[in-house]
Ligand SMILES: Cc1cc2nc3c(=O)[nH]c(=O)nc-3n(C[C@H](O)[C@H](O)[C@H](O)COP(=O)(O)OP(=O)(O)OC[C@H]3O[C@@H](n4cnc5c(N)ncnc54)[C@H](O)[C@@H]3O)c2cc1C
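Consider the single chain below, provided in C-alpha cells and representing the form predicted alone.
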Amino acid sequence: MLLGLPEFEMFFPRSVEETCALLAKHGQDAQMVAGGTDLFVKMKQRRLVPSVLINIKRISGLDQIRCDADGGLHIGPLTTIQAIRESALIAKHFPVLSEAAGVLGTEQVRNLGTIGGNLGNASPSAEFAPPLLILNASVRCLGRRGERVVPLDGFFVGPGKSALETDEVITDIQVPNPPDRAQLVYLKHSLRRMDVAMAAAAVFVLLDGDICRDVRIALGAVAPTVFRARGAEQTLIGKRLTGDSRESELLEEVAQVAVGEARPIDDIRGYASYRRKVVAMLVRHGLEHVIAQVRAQATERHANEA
C-alpha cells in the first residue's frame, strides 16, 4: 500500500565533494536522490525511511554523454534514460544501450530517471546492468578517500547493494568500444513493455569466420544480482558455428547451461520455474539474433569488397 511520503530534511549540494561530506555526516540516515522514480515509491511503501535526502540534480556536469579520444563512451550519472534513448551518438556506436533505454518504464519515468540511479539502486532487474556488463563497463566514483574505478562486474554485491562506500558518489560510467564486427543485443521479458523485467538477457558475440572467438552473456532479474553467465559463455567460445542442426543443438546447450547458472525466485512477477524457461528462450533468441547479424554484416562487407 502506498502512503504519503514520511518527513525528511532535504539538502541541495552544488558539488560532488559537498555531497560526499553530507553522506559522511548523515550516514545511514541519508539517501541520494536525482529522479526519485524508485526511491519515492520505496519511501511511500515504508521500505526506506531516510530522515535526510541529498538531491544532486543541481550539480553541473554530471549529465553529459561524450566519447573520449579513443572512442570510449562516458555517461554522466545524472543523464536521464530518455536522453540516452534519444542520443544519436549512443544509437550509432552503442545501440544496445538505446535498446535498454527504450524498454525502461514509461516516457514520464524515462524523463525523470537517471542511469546513475538505475545502477546505484543495484536492483537485480536494473535495465542497464546486463548490456553494460557485456560491454565491460566500469563505474568511476568519488568519496572522501579519493577517486576509484570499479568494474561493473564487481559493482553489484547483493539485492539493492552495490560496492559504493557510504560516502561515495558515482561520477562517470565508462564504456569501452566493443571490438569491430562484434554484435550485441538486449532482450527483456515482462508482462508489459513498461514493466520491470521478469527476466532479461544481454548477449555479445564476436566471430572469426565461423569460429566463436568471444561471447558474453549477462542475465538480469533471475538471481540476487545481475551477473555474467560464464559457464554458458565457455560452452560456446572456440566452437565452430556452421549454420546447421549442430549449431542449433549447440545454442540450445548454451541456453540450458545459462538456465543452470540462474537462481530465480517466485515473486509477484512470476514463478521461478517460468523464469527458467524464459532465460532459455532469451539466451537462445539473443544468440541467434546476433549471430545472424554478424553473418549479414560479413556478407555485406564481402559484397562491397567485390
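Counting begins at 1, following the sequence as shown. Computed from a prediction, not measured in an experiment: that's the story for all the values here.
FYI, the form predicted together with this ligand isn't displayed, but the following is about it.
Participant: At 4.5 Å between heavy atoms, is residue 33 in contact with this ligand in the predicted bound form?
Facilitator: Yes.
Participant: So in the predicted bound form, is this ligand close enough to residue 210 to count as touching (4.5 Å, heavy atoms)?
Facilitator: Contact with this ligand, no.
Participant: May I ask you to state whether residue 216 is within 4.5 Å of this ligand in the predicted bound form, using heavy atom distances?
Facilitator: Output for residue 216 is no: heavy atoms all beyond 4.5 Å of this ligand.
Participant: Although this ligand is absent from this view, report whether residue 233 comes within 4.5 Å of it in the predicted bound form, heavy atoms only.
Facilitator: No, no contact at 4.5 Å.
Participant: Would you mind picking the one in 38, 247, 261, 63 that has a heavy atom within 4.5 Å of this ligand in the predicted bound form?
Facilitator: Here the answer is residue option 38.
Participant: If you check 133, 175, 81, 96 against this ligand in the predicted bound form, which one has a heavy atom within 4.5 Å?
Facilitator: None of the other options qualify; the answer is 81.
Participant: Tell me, please, which stretch of 177-185, 224-232, 202-210, 120-128 lies within 4.5 angstroms of this ligand in the predicted bound form when heavy atoms are compared?
Facilitator: Comparing against this ligand in the predicted bound form, the contact stretch is 120-128.
Participant: Pick out the residues of 103-126 whose heavy atoms come within 4.5 Å of this ligand in the predicted bound form.
Facilitator: Sequence-ordered list: 103, 104, 105, 109, 112, 113, 114, 116, 117, 118, 120, 121, 125, 126.
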